[in-house]
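Form predicted alone, single chain, as structure tokens, below.
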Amino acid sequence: MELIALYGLNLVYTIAVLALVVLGLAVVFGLLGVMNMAHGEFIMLGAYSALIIQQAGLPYILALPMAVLVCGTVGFLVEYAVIRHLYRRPFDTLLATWGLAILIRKAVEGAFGRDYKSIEQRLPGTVSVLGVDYPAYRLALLVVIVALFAGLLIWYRRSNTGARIKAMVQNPALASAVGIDTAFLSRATFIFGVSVAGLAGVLLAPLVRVEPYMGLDYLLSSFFILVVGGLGSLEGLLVGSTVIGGTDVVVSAISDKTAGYLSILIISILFLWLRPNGLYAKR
């Protein structure tokens, strides 16, 4: 029974982390059509923001605004200099952001080196849940992720800004004609998406090895989730995270991690072939 509870908690944790990781890409790709191949690098920038705060001996909570500042600034510069000229040209954004990803990795590598860095957990120890001693930081992270998604869902569906974003996505020309500043809204949406990726990096940093190439795995996982779940809805994001995360946990437990990754790849290929719009088509 304890083993089942442990696997259940690991499953929920994996799904939640994947949803957090893909959220920023879902905003940028799903709403703006920008294939941000530098998504993993913005997560990495968030993790290095946490490292800088730790090395400075400052409270870890300050890593959150620092990540927003760093990723938001880089996102603003990238959107203003490059991305705003490439909206509704997905392949061009793919090439542009792929080059950006290489540039960011090399810049971080030059500043911090290629060796692994570790972030100290500020919430050590375990908590008993369903008869299982589970890491306290993971449980706290689950609570934060649930609160983040609930708040974002309510804001997007009920706020005036959310309504303007929907109008811009569905018909940019008409939205502009009725007075919506689509250029500003697109820029703000892009900055928000990359800033969320930076926040994900801060939250995950104590659980992973921090190094310049850490973003590559997150990028692949994010695209797998969007392939399965589809674009344009939080529901699709959550369902895609459940399918990908659940498959990985179950297959890895039965066999090994390589088999888990292979099963995810097969599922993604099948969705691209049989249902290219995913389970939830863009609205």
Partner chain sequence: MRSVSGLALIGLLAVPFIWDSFTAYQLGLYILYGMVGQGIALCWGRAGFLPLGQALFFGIGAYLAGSVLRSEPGWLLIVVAFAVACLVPALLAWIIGALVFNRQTGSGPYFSLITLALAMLGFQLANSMEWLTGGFNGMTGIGGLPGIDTYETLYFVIVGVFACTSIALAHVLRSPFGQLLSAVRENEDRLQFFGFNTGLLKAFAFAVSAAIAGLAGALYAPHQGIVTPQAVGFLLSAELVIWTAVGGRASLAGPVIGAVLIGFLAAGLRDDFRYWEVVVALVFIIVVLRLPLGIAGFLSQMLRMIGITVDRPRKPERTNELPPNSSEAAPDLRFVDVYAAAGPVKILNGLDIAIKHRGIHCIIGPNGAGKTSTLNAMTGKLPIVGGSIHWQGRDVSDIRPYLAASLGIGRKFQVPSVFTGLTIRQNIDIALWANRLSLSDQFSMEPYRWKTALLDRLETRFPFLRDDDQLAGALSVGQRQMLDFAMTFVTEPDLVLLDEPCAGLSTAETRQMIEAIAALNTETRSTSIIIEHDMDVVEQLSDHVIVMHNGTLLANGTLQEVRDNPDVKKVYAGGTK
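Numbering follows the first chain given and starts at 1. Computed from a predicted model, the values in this text were never measured in an experiment.
This protein has a second form, the form predicted together with the partner chain, left out of what is shown; the following refers to that one.
Whether Y137, V146 and L279 jointly form a contact site for the partner chain in the model of the complex is the question; each needs a heavy atom within 4.5 Å.
No: none of Y137, V146 and L279 comes within 4.5 Å of the partner chain in the model of the complex.
Is there any non-hydrogen atom of L69 lying within 4.5 Å of the partner chain in the model of the complex?
Residue-level check for L69: no, no contact with the partner chain.
My question is simply whether A111 lines the interface with the partner chain in the model of the complex - judged by any non-hydrogen atom within 4.5 Å.
A111 belongs to the contact set for the partner chain.
Using heavy atoms and a 4.5 Å limit, would one call Q55 a contact residue for the partner chain in the model of the complex?
Looking in the model of the complex, residue contacts with the partner chain do not include Q55, since no heavy atom lies within 4.5 Å.
So in the model of the complex, does Y156 come within 4.5 Å of the partner chain, heavy atom to heavy atom?
Contact with the partner chain, no.
Position in contact with the partner chain when the complex is considered in the model of the complex, options V208, V129, L95, A183, heavy atoms within 4.5 Å:
Among V208, V129, L95, A183, a heavy atom within 4.5 Å of the partner chain in the model of the complex occurs only for L95.
May I ask you to choose, among L51, L238, L231, V251, the residue with a heavy atom within 4.5 Å of the partner chain in the model of the complex?
Contact check passes for L231.
Heavy atom contact within 4.5 Å of the partner chain in the model of the complex, the stretch among 198-206, 185-193, 170-178, 95-103
Every other range fails; the passing one is 95-103.
Select from 202-224 the residues with a non-hydrogen atom within 4.5 Å of the partner chain in the model of the complex and write them out in sequence order.
Contacting residues: Y213, L216, D217, L219, L220, F223, F224.
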